[in-house]
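Presented as structure tokens, the chain that follows is alone, the form predicted on its own.
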């Protein structure tokens, strides 16, 4: 998801019912129903909106997060960070201290920007490579995670509702957020993909 925001991707209304759907549903309910198809449709729309609002408050970070998180330490060489991200097929990892407290986040964008791709995307790096002799990653070869990470990290608490998490992703333009307890210790992580899957389930 690039231009479209997560908030606007959330379904604002229920899937539209046809009159045929309603007639078939009413036929399957035993006994006499004192309601018109039009009224039935209105009740359905209102119930959907109320359920959607409730779910956006009741579903929290604890429900959404992945608990098994790949994290690195501030002193981890960036080469090892890149290897870990590559093996796992992920685009970012939390950076934690010796007490598992989140002290930063390091992502593909951090690598790209430190390699000179000012726009922070892969194609700008390709363009830079085509203009440059040698590997543009060499200047960061001796760096550590602490040198590249974004800090302080944006985190959420386990009880943060889905509504606030969606707003956070949109306003901070982030693709992942670590979930931390009151002491800042890593509990899990939520990615943009997790949110898209949840929103897809609300359609």
Partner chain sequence: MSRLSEYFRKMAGTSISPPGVDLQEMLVSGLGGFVGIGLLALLESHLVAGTDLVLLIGSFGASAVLVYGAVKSPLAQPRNVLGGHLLSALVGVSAVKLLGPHTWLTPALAVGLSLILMHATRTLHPPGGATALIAVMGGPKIQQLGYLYVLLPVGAGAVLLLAVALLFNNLIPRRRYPEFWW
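Numbering follows the first chain given and starts at 1. Everything numeric in this text was worked out from a predicted model, so none of it was measured.
Note that the form predicted in complex with its partner chain isn't included here; everything after this is about it.
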With the partner removed from view, which of 144-152, 47-55, 33-41, 62-70 is the stretch that lies within 4.5 Å of its partner chain in the model of the complex, judged by heavy atom distances? 33-41
On the criterion of a non-hydrogen atom at 4.5 angstroms or closer, are 164, 169 and 172 all touching its partner chain in the model of the complex? no
Whether residue 157 contacts its partner chain in the model of the complex should be assessed with a 4.5 Å heavy atom distance threshold; does it? no
I'd like to know whether residue 16 contacts its partner chain in the model of the complex, with contact meaning heavy atoms within 4.5 angstroms. no
